[in-house]
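Shown next as structure tokens: one chain only, the form predicted alone.
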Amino acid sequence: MSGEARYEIHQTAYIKLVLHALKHRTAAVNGLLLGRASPDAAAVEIVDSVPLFHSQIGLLPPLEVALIMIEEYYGEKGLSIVGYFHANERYDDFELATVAKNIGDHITRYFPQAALLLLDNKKLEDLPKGKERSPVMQLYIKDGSSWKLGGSKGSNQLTVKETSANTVLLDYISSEKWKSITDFDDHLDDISKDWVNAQLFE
């Protein structure tokens, strides 16, 4: 059952998706999660993330182009699309958007235990106070035909692989690294811009 899987996100994937949301604070943003499942499908490892869009995030043609390029690039590295992340436009909006559910549904056709991560602005706000050690997003998983919040029964859990990830994230925020993150919107406007964001961690 996909609902019983455990999810672990690497620091690189985690930081990239949060910085993407911070760069476009007044817009909804989204992106894909890359990784692999354990042989028994009991654990999903999220190794990387790719920021997709910050303008018209529901448009199909740019999404299809992005999916092809991302699958090709990461497939050579032995990784596949294992989920999706989303940040809502409004700071106080904690609902899972229809576009997030639709894209999540599409991914589950190929990867049934896909993770859907929704950025939690309240947790992000608490980060500088130093108390927040858990991921600053909510995990949703597909349960039948609907998406349910993971972790409520303690069986579906999202953890960050590196325990210092939130400390590193704070350093990136204070040094305004979010200004240099590139998403697919940026790349489609100017193909010289690197959607892999290799320079971000140099």
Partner chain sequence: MVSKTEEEQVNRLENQVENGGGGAWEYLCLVRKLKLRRADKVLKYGFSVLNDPSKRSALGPEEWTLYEQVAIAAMDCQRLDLAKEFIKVLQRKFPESKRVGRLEAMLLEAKGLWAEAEKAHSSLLEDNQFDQVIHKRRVAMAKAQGNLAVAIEWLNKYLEIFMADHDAWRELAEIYVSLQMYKQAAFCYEELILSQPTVPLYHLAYADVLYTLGGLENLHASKKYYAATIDLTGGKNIRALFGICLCTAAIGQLTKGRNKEDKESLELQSLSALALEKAYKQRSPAKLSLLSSTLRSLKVSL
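Quick caveat: nothing in here was measured; it's all calculated off a predicted structure. Residue numbers count along the first chain shown, from 1.
Note that the form predicted in complex with the partner chain isn't included here; everything after this is about it.
A heavy atom within 4.5 Å of the partner chain in the predicted complex is found for exactly one of 146, 38, 56, 159: 56. Taking non-hydrogen atoms only, residue 99 approaches the partner chain to within 4.5 angstroms in the predicted complex. Contact annotation: residue 42 falls outside 4.5 Å of the partner chain in the predicted complex, judged by heavy atom distances. Contact annotation for residue 170: none of its heavy atoms lies within 4.5 Å of the partner chain in the predicted complex. Proximity of residue 90 to the partner chain in the predicted complex: non-hydrogen atoms within 4.5 Å are present. If you take 167-181 and check each residue for a heavy atom within 4.5 Å of the partner chain in the predicted complex, you get 176, 179, in sequence order.
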